[in-house]
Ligand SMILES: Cc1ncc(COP(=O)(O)O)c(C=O)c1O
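Take a look at this one chain, the form predicted on its own, written out in structure tokens.
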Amino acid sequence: MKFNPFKLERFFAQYEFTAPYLLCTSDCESFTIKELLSFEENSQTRFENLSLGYTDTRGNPALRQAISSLYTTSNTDNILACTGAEEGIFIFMNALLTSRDHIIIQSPCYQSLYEIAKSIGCSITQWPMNPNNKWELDLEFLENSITPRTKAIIINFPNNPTGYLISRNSINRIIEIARKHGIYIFSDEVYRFLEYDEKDRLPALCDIYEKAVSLGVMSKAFGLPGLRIGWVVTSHKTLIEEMASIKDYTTICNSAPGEFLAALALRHKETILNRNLGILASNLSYLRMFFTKYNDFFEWVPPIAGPIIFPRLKFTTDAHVFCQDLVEKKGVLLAPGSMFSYNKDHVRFGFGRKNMPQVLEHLEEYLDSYIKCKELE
């Protein structure tokens, strides 16, 4: 098994902990341990007395019970806790796929959603989102791309990096197509619960399709990446057992403190999600003003869910050069579209953190300086 370098993670390794102003992050504002423990009486004492022995390989029962509250039909037997979302992707791909298989993957996307399948030897069809139609997907393209070897369809809603959220009718159509051909669906749902209007929220795929696997994590919607707790959920008993078997060769089990704090956080999910949705609503108001003011520089699709957008640059065709110049001159980090194997003229904005308005000011300084230089030419 041979992997290509993970472009986005290598990019973050270079800049994430040195750049003072992050404007490309994909998570929401985090919490401290003290803040989490304040949600429940006596939680500090329980945390201090927590054993640091091995944990249940499937996840602490209290954690799986808390995770099950996010789903309507799935129970704790259908849940496998993982170390972050990345392990969930890895064990799913290795449990299900062989070198003879073909997958269809929504694009652009997070690299590991296709790179791991590629390392296994699978053939891959990129299912392109349309930037000229608010990132919509062509469902006819999906159906026409299916072959006798197609094993899985890989989707991600709300989407990273575009912020796109598909309609309920369209997701039902994807399930119809998959069911017709007996195809699995791997549904990356790490931004679920960040819909600005709850009526836009899609059901978890594992709750409505018998061959679906839903991926969740504490990192994104809940803003707790440091816990390194994720999960996969499916009603497909054989597949969940195979994934658990693969996990014996990766992490075996999760961190006991991480599982304790994740379970606590999920018991208070409404408090956490409401705070994060409030941050997103406030930051979106700043972004609307920003993109109106700098309309000559960016073309964007206002999102209806999630903390990220993927605007197109109007003033340059090389987003990588722009992002590098921006971070060197102003310390502001944006992620170029090339990190998602996409067109060179897109960048990912992240607006899930409280300091986004202040970071945006530094970007405005850069753009205003750019305007002045052009006027002097």
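Note that the structure is predicted; figures quoted are calculated from it, not measured. Residue numbers run from 1 along the displayed sequence.
Omitted from view is the form predicted in complex with the ligand, to which the following refers.
Comparing 96-104, 288-296, 152-160, 129-137 against the ligand in the predicted bound form, the single stretch with non-hydrogen atoms within 4.5 angstroms of it is 152-160. Among residues of the shown chain, residue 228 is one whose heavy atoms approach the ligand to within 4.5 Å in the predicted bound form.
Residue 217 belongs to the set of residues with a heavy atom inside 4.5 Å of the ligand in the predicted bound form. Proximity of residue 86 to the ligand in the predicted bound form: non-hydrogen atoms within 4.5 Å are present. When the ligand is considered in the predicted bound form, residue 26 lines it closely, a heavy atom lying within 4.5 Å.
Though the ligand is absent from this view, in the predicted bound form it lies within 4.5 Å of a heavy atom of just one residue from 272, 261, 190, 80, which is 190. In terms of contact with the ligand in the predicted bound form, the residue from 209, 164, 222, 110 that brings a heavy atom within 4.5 Å is 110.
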